[in-house]
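Taking the form predicted alone, here's one chain by itself in structure tokens.
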């Protein structure tokens, strides 16, 4: 097997497991809140902390992966992921939930998901195929959502939430042997010599206005996906939808994001990525607005999952692709890590803000409307981004 194929194959399997389990947490909101006798804000804050710590730790995990390789970083993340799920299954109060599901798994995700995997893939894939490869990796994370969420729902029905999290911890342990498939990318990294330092790369990105605009746009993406993934099942329950409809709405997000991520990865190789991002955010706002205007039925719930799923993480191959094109791939994990940190700050506000709005206002309406406005904002700020490769990168390719 060619090194690029091996790394891409291992990376996709890693993301199927890591992201599939992570995206299933939304279906646990209601049973955990009822069992622990807390409001939805408590579980929402745990997921918000998870997203925030995932983001805050991401640049450091990315820098470590750029320095020592993806394998040790990913194995450490997997170990923390397993411990977080196992201990979360034994928690009896909000503090325990926040430490395990929030802090521990948040830190675990920084080493076991997109930034680490995309950095490894980017180092071994040819530049002209990079956008498509990133799209395939993103689609893998979405396939994990489609494959894992219904299974997690069955575990929840059969074992209760504590037993389900123990089983999911065992599933996550498969990340450790899969990490070894990233070895060719780590060998490529150790062979790289000379050139730009990490500090120089960060300073270069900091002085690029397009990097800041890209970072602001990804904040919006994080807000959208965390709010929907965390609160959509409970929102649908409030509208009288049965539990299986809620689970399948989330599953449709995962299923259609497989197609969407692959499609946007291809589009990113055919057109300027910033224009594709503009349209993606704009259409996402339209989809949310239409969902709010229509009556909530099993059909509209599942259709919304499919539509928002197609647009779900198509931002990842496009955003990471722009970072790689403009700044090169030597420090892709680090530079994309900072962009992803903004995504997770948005995710913190989306997950926590949804629970706060519900507990204070008694509905999710304000957050839904704000999501539409943010989508329009994100579409507009991508227009002035300068996405041409820096002279240093262009000369290296020549």
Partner chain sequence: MINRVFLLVLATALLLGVPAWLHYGQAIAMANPAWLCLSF
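Residue numbers count along the first chain shown, from 1. Only a predicted model underlies this, so the values are computations on that prediction, with no experimental measurement involved. Whichever C-alpha set is largest while still superposing within 1.5 Å between the two forms counts as the rigid core.
Only in words, not in the display: the form predicted together with the partner chain, which the text now covers.
Colleague: With the partner left out here, if you bring back the partner chain in the predicted bound form, are 12, 230 and 255 all within 4.5 Å of it by some heavy atom?
Modeller: Yes: 12, 230 and 255 each sit within 4.5 Å of the partner chain in the predicted bound form.
Colleague: Within 4.5 Å, heavy atoms only: does residue 44 come near the partner chain in the predicted bound form?
Modeller: Because a heavy atom of residue 44 falls inside 4.5 Å of the partner chain in the predicted bound form, the answer is yes.
Colleague: With the partner left out of view, is residue 333 within 4.5 angstroms of the partner chain in the predicted bound form by any non-hydrogen atom?
Modeller: Flag for residue 333 set to no.
Colleague: Given that the partner is absent here, does residue 146 sit within 4.5 Å of the partner chain in the predicted bound form, heavy atoms only?
Modeller: Yes, residue 146 lies within 4.5 Å of the partner chain in the predicted bound form.
Colleague: Closest heavy atom of residue 266 to the partner chain in the predicted bound form, within 4.5 Å or not?
Modeller: Heavy-atom contact with the partner chain at 4.5 Å: present for residue 266.
Colleague: Of these, 77 to 85, 256 to 264, 171 to 179, 269 to 277, which stretch puts a heavy atom within 4.5 angstroms of the partner chain in the predicted bound form?
Modeller: Of the stretches listed, the one contacting the partner is 256 to 264.
Colleague: Heavy atoms within 4.5 Å of the partner chain in the predicted bound form is the criterion; list the residues of 150 to 184 that meet it.
Modeller: Going through 150 to 184 in order - heavy atoms within 4.5 Å of the partner chain in the predicted bound form - the hits are 150, 153, 154, 157.
Colleague: After superposition on the rigid core, does the Cα atom of residue 220 shift by at least 2 Å between the shown form and the other one?
Modeller: Yes, shifts by 2 Å or more.
Colleague: Rigid core aligned, does the Cα position of residue 47 differ by 2 Å or more between the shown form and the other one?
Modeller: No, shifts by less than 2 Å.
Colleague: Do you see a C-alpha shift of 2 Å or more at residue 121 between the shown form and the other one, with the core held fixed?
Modeller: No, residue 121 moves less than 2 Å.
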